[in-house]
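Just the one chain here, laid out as structure tokens, in the form predicted alone.
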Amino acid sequence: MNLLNDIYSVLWVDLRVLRRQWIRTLSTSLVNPLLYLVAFGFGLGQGISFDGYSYLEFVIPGIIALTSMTVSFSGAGQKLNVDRLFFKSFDECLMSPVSVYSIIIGKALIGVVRGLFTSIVFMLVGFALSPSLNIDIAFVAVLVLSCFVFSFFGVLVSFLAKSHQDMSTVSSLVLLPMTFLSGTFFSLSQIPEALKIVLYFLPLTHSSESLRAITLEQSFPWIYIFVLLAFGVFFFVMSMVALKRSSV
């Protein structure tokens, strides 16, 4: 119970900011996924099908996974980076009587909240356009897991960053390649086997494949779920290490 109270105490400040800015946050976060949907789903994807599914059915879960990555990462990482390096308000959090676990989870949760908020709104748009998609509790659970994975990644990067530019560098060198190479907009069965092995080292690949398998009612992707869990645990542990080193 004390751990939950500590986590909420860390999260509470960021929730108050989100409550004041939720319209702006939602509108700016939805721009990219809606543009992807129009450009790929209705533009390039007209008349294309994959494995018996229309391209619109194929690409919507991929864009949802992509949205969970970008919004969760920036929602947790960018805010924490600014608090650490600009406002210096994160020092107050370090001086508070809460555990390292509470700080990391609390700071990651704001990214999860923002990622889920935006992803669910986009999911409703996608479901309205393609009602045949299967949206169930398993889909929501995997979406939550995906948001946690990328929120912890954002927290880790923000602890390692020495400047605001470092966050942009990671976005350009890591997130941007994942956006277009993780099976979000195309089937991994179409690429060479050697490249496919490399892409399976990217967490977004497993998120996209998991959500797509569920929405298209294919066999449940247990292996992807376990890999996502492994990524989440790794980012969480590394965040603890980075925080302890930075606070010494």
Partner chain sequence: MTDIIVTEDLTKNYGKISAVQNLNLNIHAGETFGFLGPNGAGKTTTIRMLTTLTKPTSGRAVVNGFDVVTQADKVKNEFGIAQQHMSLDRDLDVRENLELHARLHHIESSERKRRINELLDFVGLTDQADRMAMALSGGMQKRVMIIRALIHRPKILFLDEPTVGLDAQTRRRLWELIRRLNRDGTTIFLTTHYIEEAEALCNRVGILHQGRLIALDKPVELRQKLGLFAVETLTADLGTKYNYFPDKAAAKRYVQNLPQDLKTIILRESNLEDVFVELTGQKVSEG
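In this text the structure is predicted, and so the values were computed from the model without any measurement. Positions refer to the first chain, counted from 1.
There is also a form predicted together with its partner chain; it is not shown, and the following applies to it.
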>> Can you tell me if Ser9 lies within 4.5 angstroms of its partner chain in the predicted bound form, counting non-hydrogen atoms only?
In response: yes
>> If we define contact as a non-hydrogen atom of the residue within 4.5 angstroms of the partner, is His164 a contact of its partner chain in the predicted bound form?
In response: no
> Heavy atoms within 4.5 Å of its partner chain in the predicted bound form: does Leu94 have any?
Replying inline: yes
>> At 4.5 Å between heavy atoms, is Val13 in contact with its partner chain in the predicted bound form?
In response: yes
>> Only one of 121 to 129, 77 to 85, 135 to 143, 153 to 161 has heavy atoms within 4.5 Å of its partner chain in the predicted bound form; I'd like to know which.
In response: 77 to 85
> Ile23, Ala230, Val17, Val237: which sits within 4.5 Å of its partner chain in the predicted bound form by any heavy atom?
Replying inline: Val17
